[in-house]
Each structure stands twice: as C-alpha cells, then as structure tokens.
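Below you will find one chain, with nothing else, as structure tokens; this is the form predicted alone, and questions on how it binds or moves follow later.
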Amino acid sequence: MTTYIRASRLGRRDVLRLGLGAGVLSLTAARSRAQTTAKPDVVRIGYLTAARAWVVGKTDGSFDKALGVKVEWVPFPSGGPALSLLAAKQIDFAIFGNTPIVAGLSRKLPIQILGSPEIVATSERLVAKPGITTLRDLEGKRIAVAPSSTMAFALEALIRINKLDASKIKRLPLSQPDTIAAWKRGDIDATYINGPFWAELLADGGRQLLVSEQLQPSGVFVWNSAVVRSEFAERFPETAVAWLQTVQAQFDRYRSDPDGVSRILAKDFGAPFEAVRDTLAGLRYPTFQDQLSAKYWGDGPVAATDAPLIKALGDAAAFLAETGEIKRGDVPASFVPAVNYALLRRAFPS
C-alpha cells in the first residue's frame, strides 16, 4: 500500500529538511558535472628522447589544439626517469616500456595503463663491436644498456634464454647518448640500444646480433604502454580521453604517410632520415580499438585475466623479481586493475 503525505501536514522543519536534501543532491550532481568537464591549466606530456611516431603531434601543436589547454613536453631518456617524473607529478602522460611500468606498479606508484600502442619488433637491437659474432662471445665483455629500460629487460632475458654465464658479462648502466660516446672511446664492447642510435653504431662497424622480436618465440614480449597519473585521470577524464584520441590520430597519420612523418621527426630530433624511418618501421602499431580485444588487453576487467599482455606483465614482474629489480612480495596479485578500461572505452567506443 502506498502512503501519501499531504502538503498541509508538513511542518517547517520537514520543509527545510526536504529543501536541504534537494540542495545537497543538486550540489553533488553539479560537482560531478564540473569534475567531468573540468580542464587542467596545463598538460605535461613526457616523451622518450628517441623518434616515436606519435610525437609528430608535438611539432605542429596537434595536442594543444585537441586538448584546448597549454601543453608542456618533458623529455626523458628511458623508463626509469619517466617513473621519477610521474612520481614527482612533473608529467601527466607518457608512453614508455612495459618493464619499468611493472616496476612502478609494484612499488605502488599511482599510475594507470591506457593501452599499448607500440609493440617492439626491430627498433631495439643488440649491437656489438667487430669480432663479436655470436651471443656466446658476449661472455667476458662490457655491455652498455639504459637502466630500467625495455632493453635492460631484453638483455637479461637473452642471457637467461641462451644460458650465458651472467657473472662473466659486465652490464654498464648508461643512457643512450652516453653509450655512443663510450662506444667511440672503446669503453664498451656491445650495447642493447634503441633506434635511431644503433644506426650510428652500425655505420661505425658494429654488428647486429639480435633484435627484440627474436625473443618472442621464447615468450619474451617488449612493448610501450600509454600511462597516466591516477590523480589526473580521476580529476580530468575528458582530457585523458582527448589525449588518447590525439595519440591515435598521430599513429594514423604515420600509417598514411610513414616517410613524411619520418622526415618531420628526423628534423625535430636531428637524426638521419633513414635511421628514423627504420626505427619507426621497427615497431608494430595496433590501434587502441584493436587493443580492447582478446589479442592484447582483453575487452574488459572481467575477461582480461587471460589476456596476453596481462599475462606478459606478470611474466615481466616475475623476471624482475628474480633479478632483484623489485621485491617478489611487492608484485600485485593481478595487473588487471592497473588498466583503465573505462577510459579506453570512452575514447574508442565499439
């Protein structure tokens, strides 16, 4: 039975309560709308100091126009420094390697994954001095590699896969520009390095021993993920959506004109066109729509547990724990909550 209250029986206190309740609901709704549509004063985008297709949007203000706010671009040499910048709130977005991202998540860094638009194939390579012709020849040698990078992860993986004596291989943690200088001085014998840096080493007589794609049959996958600070995503979801859509637009631009984009980036980075072109061609570019499928991240939190890249994050975490990079007890029980499927679906509805 429904009970009706006659207006004449409502006292002054009842009216006040109803009015206050309606006011609170209205205020809550208004705050929710404001939070959804709010824009930051500035968006700080971190980018790797190597040619990447999506960074072509830096050269012509594509991100400024799409986001409708001031954009600051912050360079970093590898994944480790990117984690430091995110922790210090000096960048809001970045795209970098899966292994440092795993390390950051294991250390409870408040970041979220927004898909993986770059799968590493041939853009990262192991290059050695003349006279080193096999992987076994690396024993007793000095190998430079950027710390906390996908190259460092791949180097440790190839040592394990090929049953090399790790104690006989000296790993030198050097940034990629410092690696070039060390190579020229004769301080190193080999390096696992990103493009276009390897082009200079190959031109100087270096020999390519391996590319990261060759590790995939052994279950070792390397890729670059888009990452956002959790606080930023919660406060400015529409800006995060716009950023994702703009990133995808730059990849689409590259796919339609790879040589044109390569020339723009070669000029911007001060690198040879051929090296930049080959570096960009050494990555695979699944669209964000593609990534929301069983082939990559899965189509949502419930179905993502067995998704290949979720599993690969777990494998990377186990490997980093074995090498002492992270503590085994710090590894999350699941990496599914670290992926913001909701933002991805808002940006790229099916």
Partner chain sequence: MNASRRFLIGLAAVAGITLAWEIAGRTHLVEPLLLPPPSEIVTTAIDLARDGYRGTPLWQHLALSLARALGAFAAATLVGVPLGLAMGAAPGFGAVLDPFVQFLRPLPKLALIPLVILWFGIGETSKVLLIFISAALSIIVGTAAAVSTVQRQRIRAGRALGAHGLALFRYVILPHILPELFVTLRLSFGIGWTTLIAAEMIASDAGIGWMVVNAGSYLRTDVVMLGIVILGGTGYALDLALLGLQRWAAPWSGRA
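Just so it is clear, the structure is predicted and the values come from calculations on it, not from any experiment. Under this definition, the rigid core comprises the largest set of C-alpha atoms superposing within 1.5 Å between the forms. Numbering follows the first chain given and starts at 1.
If you look for the form predicted together with the partner chain, you will not find it shown, but the lines that follow are about it.
For the chain shown alone, Ile188 is a contact residue for the partner chain in the predicted complex, at least one non-hydrogen atom being within 4.5 angstroms. In the predicted complex, the partner chain sits within 4.5 Å of a heavy atom belonging to Ile326. Though the partner is left out of this view, Pro77 does not reach within 4.5 Å of the partner chain in the predicted complex, counting heavy atoms only. Using a 4.5 angstroms limit between non-hydrogen atoms, Ala249 is distant from the partner chain in the predicted complex. Annotated contact segment (heavy atom within 4.5 Å of the partner chain in the predicted complex): 172 to 180, selected among 203 to 211, 224 to 232, 172 to 180, 251 to 259. Of the listed positions (Leu109, Ile95, Ala199, Val241), a single one reaches within 4.5 angstroms of the partner chain by any non-hydrogen atom in the predicted complex, namely Leu109. Only one of Leu320, Ala307, Val55, Val43 lies close to the partner chain in the predicted complex, with a heavy atom inside 4.5 Å, and it is Leu320. Of all the residues from 203 to 231, none has a non-hydrogen atom no more than 4.5 Å from the partner chain in the predicted complex. Core-aligned CA deviation for Arg142 between the shown form and the other one: 2 Å or greater. Relative to the superposed rigid core, Arg185 undergoes a CA displacement of at least 2 Å between the shown form and the other one.
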